[in-house]
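We begin with a single chain expressed as structure tokens, specifically the form predicted on its own.
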Amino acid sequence: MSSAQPSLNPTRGMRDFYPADMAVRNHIFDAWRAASEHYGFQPYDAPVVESLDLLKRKSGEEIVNQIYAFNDKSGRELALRAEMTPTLARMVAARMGSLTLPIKWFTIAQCFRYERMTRGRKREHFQLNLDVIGETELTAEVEVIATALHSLTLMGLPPEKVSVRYNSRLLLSALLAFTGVLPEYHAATFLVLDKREKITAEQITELLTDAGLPEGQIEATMAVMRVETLSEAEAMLGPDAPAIAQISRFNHLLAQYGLEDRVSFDIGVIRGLSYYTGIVFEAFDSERSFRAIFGGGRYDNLLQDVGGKAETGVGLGFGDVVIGELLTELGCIDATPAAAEILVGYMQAEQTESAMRTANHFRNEGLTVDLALHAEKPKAFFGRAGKRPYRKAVYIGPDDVAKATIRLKNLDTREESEMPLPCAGC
């Protein structure tokens, strides 16, 4: 047995949440919940432990090297969830016959992924998931984007600090087909192109070669990468192409919410996950100092992949790490732990019951009250009151008990008001 002292740090890649950290987390969570409910999404939740087989069905065998996987005492292969979408698909598939579609659900899920850590990426995070299942119209995409942007407003982030970029898997497939890339290579090509900002053109060529693309189709893929605007794509495919019509409709719907200036086309947005089939999108800070703030898109095959009935879906994932760092950097968040409205203390042990009755009185009136748990001198009590943002304080001494009164002190103005000492059961 090792005699070394255990580390006082959290497990690598994980986080402790002290009261100041909880102030930031609660600020984000409160905005997520308020925005989701404001837009008509219903809450759901599920266990953090999921079947490893489910995750393999969605992401393939290679997922085992990227997550926390283990066998339980009965030998079952399990894992800590790395994302919520497979679990959502399982839940919907299990009750598909009894659910009224479309459904709009949201959750704030803790997720774990064993991967290299970078700025804005840890091995554990909380994530808002917004999903619409059973809706083919592009209103579903607009709804989840609008909800996420509204949550940013509730967090205090100015609109000009965030932009949403979108693309279409349908458009990419049409462009690849137009330039001569066969459909069987499209999925592999998406995965490679999603890495284009992190690797060189030579490395892209190497990966496309490894994926089996002939030399001519690699050149065609590079031609698609050079498309920068929607106008260029339209010139290649024609204005009546289904992919162009899809994007035109999407832009029209964005305008109904006044979001046309906050959401723009970017052919570089691809999203590496293979289950996306339609519009895909990502949000970034205006300086591009961080990874994507949120992202998502349409997935039409996932429910069927996990054993359910084929049904369309649109999802969005919004992690707490990047937005927490961004809000802090921009000074948009107060990390001061919340304090009770009133602090109640007392001078001697004989005043304990009077202080408890006083605290109970104010709590019954709906106020938040912090009660001192032992007697203390006035200097210590008011010194402690000044270190946290209490609004008022009550300090009870023997003279107050003798007069059966208490003095409620406003800590900002220093004004005092007198009231009767609450009695037992009052």
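Start at 1 and count along the sequence shown; that's the residue number. Keep in mind it's a predicted model, so treat the numbers as computed, not measured.
A second form of this protein, the form predicted together with histidyl-adenosine monophosphate (HAM), is not displayed here; the remarks below concern that form.
Asks: Find the only residue in Gly278, Gly319, Pro102, Gly308 having a heavy atom within 4.5 Å of histidyl-adenosine monophosphate (HAM) in the model of the complex.
Replies: That would be Gly319.
Asks: Taking 4.5 Å between heavy atoms as the contact cutoff, choose which of Tyr166, Tyr346, Phe106, Tyr299 touches histidyl-adenosine monophosphate (HAM) in the model of the complex.
Replies: By the 4.5 Å heavy-atom cutoff, the listed residue in contact is Tyr299.
Asks: Only one of these stretches, 330-338, 147-155, 119-127, 186-194, has heavy atoms within 4.5 Å of histidyl-adenosine monophosphate (HAM) in the model of the complex; which one is it?
Replies: Only one stretch passes the 4.5 Å heavy-atom test: 119-127.
Asks: Do Ala375 and histidyl-adenosine monophosphate (HAM) share at least one heavy atom pair within 4.5 Å in the model of the complex?
Replies: Although histidyl-adenosine monophosphate (HAM) is absent here, Ala375 would stay clear of it in the model of the complex, with no heavy atoms inside 4.5 Å.
Asks: I'd like to know if Ile63 sits close to histidyl-adenosine monophosphate (HAM) in the model of the complex, meaning any non-hydrogen atom pair within 4.5 angstroms.
Replies: Contact with histidyl-adenosine monophosphate (HAM), yes.
Asks: Using a 4.5 angstroms cut-off on non-hydrogen atoms, would Glu115 count as touching histidyl-adenosine monophosphate (HAM) in the model of the complex?
Replies: Taking the distances in the model of the complex, the answer for Glu115 is yes, it comes within 4.5 Å of histidyl-adenosine monophosphate (HAM).
Asks: Does histidyl-adenosine monophosphate (HAM) come within 4.5 Å of any heavy atom of Asp131 in the model of the complex?
Replies: Output for Asp131 is yes: heavy atoms within 4.5 Å of histidyl-adenosine monophosphate (HAM).
Asks: Using the arrangement in the model of the complex, list in sequence order the residues of 278-299 with any heavy atom within 4.5 angstroms of histidyl-adenosine monophosphate (HAM).
Replies: Sequence-ordered list: Ala292, Ile293, Phe294, Gly295, Gly296, Gly297, Tyr299.
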